[in-house]
Every structure is written in structure tokens, then in C-alpha cells.
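Just one chain follows, in the form predicted alone, and it is written as C-alpha cells.
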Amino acid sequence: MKAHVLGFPRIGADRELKKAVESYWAGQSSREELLQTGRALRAQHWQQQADAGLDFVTVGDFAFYDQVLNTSALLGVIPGRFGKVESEVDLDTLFRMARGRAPCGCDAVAEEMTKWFDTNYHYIVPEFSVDQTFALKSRQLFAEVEEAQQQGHTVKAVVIGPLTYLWLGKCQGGDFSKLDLLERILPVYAQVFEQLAALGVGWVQVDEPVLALDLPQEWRAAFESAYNRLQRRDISILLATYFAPLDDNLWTAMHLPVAGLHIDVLRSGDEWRRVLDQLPEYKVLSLGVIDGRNIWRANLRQKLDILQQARARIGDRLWVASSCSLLHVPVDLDREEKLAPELRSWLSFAVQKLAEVAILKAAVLAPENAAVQAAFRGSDLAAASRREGRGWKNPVVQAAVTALSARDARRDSAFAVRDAAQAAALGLPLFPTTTIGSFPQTAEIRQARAAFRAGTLDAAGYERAMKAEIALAVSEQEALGIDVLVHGEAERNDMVEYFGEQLSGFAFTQYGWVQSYGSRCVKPPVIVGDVSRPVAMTVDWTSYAQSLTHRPMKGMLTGPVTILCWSFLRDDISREAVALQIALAIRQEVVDLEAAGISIIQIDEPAFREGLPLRKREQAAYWEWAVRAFRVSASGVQDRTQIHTHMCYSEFNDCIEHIAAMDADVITIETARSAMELLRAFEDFAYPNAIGPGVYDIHSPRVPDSAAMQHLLEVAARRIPAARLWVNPDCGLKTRAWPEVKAALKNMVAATVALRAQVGAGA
């Protein structure tokens, strides 16, 4: 019987990796210093796994940017614009693939980025050509295995499986199927396994989370042929699935020629019972009973009951594990000294989850052990305390959600009527220009915020500092000629955390950072109780910004589904109930902004597609309540008030009708990295409202010229009627610096002016 985790957070408890990577990008440290930070973090994380009592350390989950990007390097999938790779893919090539720029090498258009299944982690999308070749082009995995072995650890290597890797990629420049590439990619996987076996690795965890999707039959059939080709006598494969039940892929997963199967017990209900019924006698079963995606302390007695039933059936072929990689949770709860003791007793971060996995194995083998008994007593007390939830429940909020009617989720008039009223009220030109909301979070802004929180800057001083930043953002936008302005969000630490801090029902950590993409980390709030809005949250800041200009000023809010998805969520009531509570709070803010004279209000929903369950049978119910939650938040205003929403890094093809059902007057979306490819969904569906497709990628430091932006606008204009086409960047600008922001926005406005002239000349 073994205990293990599927992966561990790579960023470090103090975001050491983020700081080292950004220092290297900025030319403030050397590549060797960055590599040394990586080595130190890996050594620390492996030792933590060993100290917790796990039987393996997991090797191959570390990345300087993204594990899918690492896999592209391993397999030699490097698009030609990043240069020819003769032998080994170097680190700067990976950074250029991810963000378009690195300290060495020529700038190039970055590869696309999208969400990792239904999480807020973003991966770099592999690009495949019709003549795609694969070759072993990175030794990083093997070097890390040797590192761990030299430190005395027993290694379980992890790689993304061939079917999942192909599924996650996209075809470029030809009419072919990704599945056509399977025969070409398998020999390289065979080489990987051969080299791991030569290093003495006994187990390889091969992640195939696509088995949690509704797969076409040809993809399901491909698993059998692929794994028949990959099986070896000198290495054991643990096939890992997670995030959803196997369902109709269960038979396929059970009968593949692999030594073991991992399933996510947290997100597959009672499917573990069916797996036990069908498990071949030679196979190991790894049960993911510790939640890798939420921060609540495990109810050890409930988990032990499942494990004892499983062990009674299969004996020591049972393994205990996290449900998925711990990448999705913060690193270490022990740093959270300011949390209230009761709340702290309810939580478990990655380091604590290592201990939970290990103690469950010990409990199965020796339930009377003193350490086991002590751990179970602590778990019982935490569970009882959380059930009681003193001070976190609000019957008034619950009653308000129950009282919601269909009328509360409907605007007064159809879009055509609203559009005419808004055009008359706003007087905007053709192809209105705007930004998504945030402007650079400068060192001065961060210093003022830190001083205010530390008590060395009083409230009046902080307000003056933020108003100065708002005035700067307004003046810069006016100078650039932007049509619809934003206040820049200088006062906001994060688009979810900022609102959570002002809503009841939320709690906050100091160090609960989680990687979102590359060096970008977020600190999700914790929803611990019923949510309500005690006071207005944005009205004063937005009203001040509007007082500085005659141009329309957008009120900027985060939508209910995104606040839900980007927080650590309650598991004692439904997601729908929490979303509607948040929607009512946002609705109150929307109404107050309108009353303050704000005529355009943006309710961002970048996580709208992310929250969709992976299995189709569960999706209709999600769309129903998610659309309703957004509409509840947006429907309290008059026709002349224009409602915007923003979405990014999502695939829209399978959900465009639900996005239309949100009935936002204007939707802004990420399209630059895909060269407007995402607009095909909007074209085929004949999306009825206005659209602002992003014309440049803000996640790259590259500044595209106006000709490149004009080209993208011309592509968009062929698919979107001119009267409904807006112009904007892909996303908010908080992570960029002012010089590149001003240069890019200047080019964006120039491209828009050129398009207006072009359309006028053709009229």
C-alpha cells in the first residue's frame, strides 16, 4: 500500500519562483540564478513529501512557466517562428513561446493560452502542423529525476499522456485531425519511458484527464492501441484521471494495459465502487480522497470509511492520494498566523494535505496508532465547529435568494430597444475604443497600499494617493483619444479579492497564493458563509473618475460566477445558491452606480466558461443558474444604461448561445492570440449584441504595431456588423508597464481611426 500526491505547487510558499522568473525577465538576475531557485524549490518540495511520510516524491510537476509547455519541449513541438531547435530546447525559447519575449532570442507572437479543464490555471496551447514531427528535445525531466535520486528519494515521475497532450493542442495551417499525429508521437513517449527506466524509475504517473470528458469514439479507441504500444516490463504506468467521473470511459480506463489507475473520488461520486467491481486483479487502484482543489480540512473518518471498504476488496493494491495535483491550492497553512484560530482549524493547504494523505494510509494499516487517533480527534473537532458555523449564516440573505423571480433576471426591453436608447444617450463614434478596466499597478501604488495596510499611511493619505493615480489614468486615456474610459482600478489588489474584502461571508489569507499562469499568482478569498453587501464598494472611486472627464466612464465590477469560481468555495451548499447570493450583492452595486450617473457598467465574467462541468449531462443545469446569476446582477437598470461583460481565454464554440442568453449589451473577449479565430463561433451563431474582440495580447510585453491591429480589426469587421464592433485590448493592463501600455493603446487608436476612414471611404 502506497501514499502519494499527483503534484505539488511549484511557486514556493513566498512566491519565490515568481520573483525569480520576473527578475530574470527584467535582466536583474542571471539564468543560473533562476535555475538555482528552481533546484532549491524542488529540493524543498521533495523533502516535504518525504518528511510527511509519502512513499514517492513526484518528479516532473515543476515548470518555470507551465507543465504543458514543458511537454511541448520534451516532445520537440516548437513552431518555426521561435527558431530551429537543433538539440535541446532552451529556457528562453520556452519563455518566448509563452509570452513572446525572453532575455535572448527574437520576439515572436506567443502561443495561445487557455484554461486547464475547469480550473483557473492557464496552459500554453501546443500548435501542430500538418507535417508535424516529434523528437526528444528536452532533458529537464530526466535531470530532475537524477536530482531527486541524488537526494535519496524514491521517485515517481509524472508526464502528460499522449492522448491528453494531443487533445489540448490545436491544428495550424492544414486540414487534418490531431489524432492523425498519434502514430508519430508514440515513439517519442516510448523513448521517454525507456530513459526513465534506465534511470531506475519504477513508476510513471501518466496524466490522461481527457478520460473525464465526453470523448468521440475514435479517441476512446485510440487509448487501447496507444497503451498497447507503450507498455514495458521494466516500468509501471499509473494512469491518472481527475476532475470528473470516467462514466462511459470507465471500461476503457479499466482495461488498458497499465499497472495502475488513479481516480478522483472527490469529483466522481460513488464511481469508486464501480471501479472496485471491475478492477483487474493485477492492477493498483489509487483513490484520490484528499481534495486537491479546495482548502477545507478533510473529514478523515469519511475518507477512512471509503479506504477501508476498498482495502477489504483489493488489499495492498490500494494507494491513497490527493484527488489531483496540489497545484491548485496554497502552499502552507502554517504561515497564516493572523487567521482566527477557529477558521484556521477548518483549513488545509498543500503541506497539510501531504500529512492528510499519509495519516490516512497509517489509519488504514494501524487505526489504533496514537498519532492516528490524535489526527482524527482534530478532524472531528474541526468538522463539528464548521457545521455550527457561528456568525457565518444570514437568514435574510437566504430569504432574498428564495424570493427571486423571473422578472429579477430580465432587462426592461430587448437589445434593439436598449441599443437605440444607449446610442442616443452616449453619442459614441463608430468602432468605440475602450480598455478592459485596469491600468498598470505601479510600484508607487503597491507601496501606498502596503503602507495603508501596515498603518503607516492613514486613510486620507491613501485616498489622496489613489485619486492621484486615477487622475493620471484618466488624463492618459484622454490624451490617447480613448472613447470610453475606465478609472484604472489603482485601489484594487485583485479583481476578486477586492470585492470579497467588502462583502460579508468572505475570509482572507495572507500567503494563500496560487499560480494562475506563468508568474501570475492570485490569492483566492475563502467563502465561509452567506454573502451580502454591507456598503457600496466602487461608487465613490468611479464617481470621482467621472468628475474628471466629459467622456463616459465605465463602472467596473466582477461578476457573480467569476467571484464564485475564483474563490475557495463552500461545500455545504450548492454553487447555485452561492452564485445567486453574490449576484444580489452585485445587483445592488450596479443600481447604485447608475444612480450616481454612471451610464456604462462592466460586469466581468472571465470565469463564465471555466465553471462549466466537464460532463455534458451536468452542463444544462450549470448554464441555467450561471446565466440567471449574471442576469440578476445586471437587470436592475434602465434601458439607457449599457451593460458590458468581459471574458478571456475560453473556448466559445460550445457555449455561444448561453453567452448570448446573458444579454449583455457589449461583450469584450480575448481573440488576439488566436488571430480572431474565436470569432467563428460568433459568426456561425449570428450573435445579436455588440462585441469587442481584443486586438492585442496584453499578456505579452510585445507592442504590436498599428498595422497588425488594423489587420485584426479588418478580420473582425468581416464577421461583425460595423455598428456593433468595439475596439479594445484582450484583457486588463495591470501587469504591464506604462510605456508599453501607452505605445500599444496609441497604436490601437491609430488602427481604429484608419478603419473608420476605410469604412467611411467605402460608404
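The first residue of the sequence shown is number 1, and the count goes up from there. None of the values given here were measured: they were computed from a predicted structure.
The same protein also has a form predicted together with a small molecule, omitted here; what follows describes it.
Colleague: Looking at S599, S268, S348, S438, which is the one with a non-hydrogen atom within 4.5 Å of the small molecule in the predicted bound form?
Modeller: If I apply the 4.5 Å criterion carefully, the residue I get is S438.
Colleague: By the heavy atom within 4.5 Å rule, which residue out of H646, H262, R96, K156 makes contact with the small molecule in the predicted bound form?
Modeller: Contact check passes for H646.
Colleague: So which stretch, 726-734, 61-69, 31-39, 704-712, is the one near the small molecule in the predicted bound form (non-hydrogen atoms, 4.5 Å)?
Modeller: The contacting stretch here is 726-734.
Colleague: Report yes if any heavy atom of M495 sits within 4.5 Å of a heavy atom of the small molecule in the predicted bound form; otherwise report no.
Modeller: M495: contacts the small molecule in the predicted bound form.
Colleague: Examine W219 and determine whether its closest non-hydrogen atom to the small molecule in the predicted bound form is within 4.5 angstroms.
Modeller: No, W219 stays farther than 4.5 Å from the small molecule in the predicted bound form.
Colleague: Against the small molecule in the predicted bound form, would W566 count as a contact residue? Criterion: heavy atoms within 4.5 Å.
Modeller: Result yes; W566 sits at the interface with the small molecule in the predicted bound form.
Colleague: Is A148 one of the residues lying within 4.5 Å of the small molecule in the predicted bound form, judged by heavy atom distances?
Modeller: No, A148 is distant from the partner.
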